[in-house]
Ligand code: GDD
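In the form predicted on its own, a lone chain appears below as C-alpha cells.
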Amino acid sequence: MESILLVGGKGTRLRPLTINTPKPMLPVAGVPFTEHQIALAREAGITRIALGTSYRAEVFSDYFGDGQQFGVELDYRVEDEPLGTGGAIRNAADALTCGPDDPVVVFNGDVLTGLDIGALVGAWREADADVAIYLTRVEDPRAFGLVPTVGDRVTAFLEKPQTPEEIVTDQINAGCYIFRRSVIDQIPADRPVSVERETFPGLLEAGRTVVGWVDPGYWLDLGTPLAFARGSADIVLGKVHSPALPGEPGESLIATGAQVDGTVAGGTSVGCDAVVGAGSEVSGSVIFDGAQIGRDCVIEDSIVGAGATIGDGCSLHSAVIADGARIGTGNELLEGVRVWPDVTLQDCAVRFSSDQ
C-alpha cells in the first residue's frame, strides 16, 4: 500500500516550540512525531509514503532522507502556498505509483492514534467505498467536524457546531482516510481545497460511497502544548502503541548522555545530554536535548525546549519553555505560561500565570 502523510502545518497553537521546528518534527517520546507515524504505517504494510510538506520542508528530508533507514520509501511534495487538506492531498498524489482503484491511506500529521489501519482498509474494501473515514467519539465536539452516519454510511459533514441543535452526533473526523486513488485525482489541482467543506460533501451529492469507521481506541490531537506533553507521556507509558518508541514502555524514557539525579516519572522523556538536578521531581513532561534542570525543581506536564535552563527551586506546571530560554532561580510558572526562545527570567522568585 501507499500513503500520504500531511505534515505541512505551521503549528501555530504550539508556538513558541514551532518557531524553530515544524510541529511534526518535535520530539515525542524520544523521536520526532513523524517517525512514530511512519513506523505505524510500515507496521500496517505500507511501503511507500508521500510526505506533503510546506513549513521548513528541508527539516523532514534532512532527517528521513529516502526512508530506507526507516523501512519505507519516501517521496516529498512541497506546497509553495497553503492548499488546505484537499489541495495538499492532491499535490502529494503526484508521488503515488498505484492504480486508480487502489487504496491510498492519508494521515494528518498531528494526530496520535491507536487506530487499526488494516481494519480501516478492510472496511473500505468491504463497502467498495470511494472513501473510508476514521471516526472517533468525543464528549465535547464543538471544536471538531461532526460526521453523522446511518449504519456505516456517512450522511453529512458538519463543521464545528456551536448550538445544541447543531450537535447531532458525537462522532468526529479523526484525521485518517482511505481514498480510492481515482478520487484523489479528481480533486482540483493548484488551488486550496477543503476535504471537509468541498471534497467529501461533493462526493455525497454525487451519490458516491463514503463510509465511516468508528474506532473506540486511543485518539489525541497533539496541537496544543498540554496535549503534546500528554501524548508523549502516553507513548512512554505504553497507553498507546508505537513501534518507534526507543526501548520498552515505562515510567520514563532517558536518552543517551542524559544525567538524571532527580526523579522522573509519569511518562517523562529526557533528551540527549539533558540534566535533571538532585532533588528535582519531573512528571508527565518532555525535556528536549541539552536542557538543564536545576536542583529541587518541580516540573509537571510541561515542555522544556532544547538548551533551555531551569534554575534551582523552580516550579513548572503545564508550562512551555522554548529553546534556549533561561528561567532564574525560584520562579514559578503556572498553567498556560509560554516562554519564547532565548528569553531570560531573572532570579526573582516570581509567580507567573497565563492571565498575567
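Each residue number is its position in the shown sequence, starting from 1. All values derive from a computational prediction rather than experimental measurement.
One more form of this protein should be noted, the form predicted in complex with the ligand, which is absent from this view; the next part is about it.
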Which one, G122, G217, P100, P82, lies within 4.5 Å of the ligand in the model of the complex by heavy atoms? P82
Only hit among S285, S242, N173, T199 for heavy atom within 4.5 Å of the ligand in the model of the complex is N173
If we take heavy atoms and a 4.5 Å cut-off, which stretch out of 178-186, 139-147, 268-276, 202-210 is in contact with the ligand in the model of the complex? 139-147
Quick one: is G305 in contact with the ligand in the model of the complex, heavy atoms, 4.5 Å cut-off? no
Can R191 be called a contact residue for the ligand in the model of the complex at 4.5 Å between heavy atoms? no
Is D130 near the ligand? Define near as a heavy atom within 4.5 Å, in the model of the complex. no
Should T53 be classed as touching the ligand in the model of the complex when contacts are defined as heavy atoms within 4.5 Å? yes
Is it the case that L6, G9 and F157 all touch the ligand in the model of the complex, with a non-hydrogen atom of each within 4.5 angstroms? yes
Select from 81-118 the residues with a non-hydrogen atom within 4.5 Å of the ligand in the model of the complex and write them out in sequence order. P82, L83, G84, T85, A88, N108, G109, D110, V111
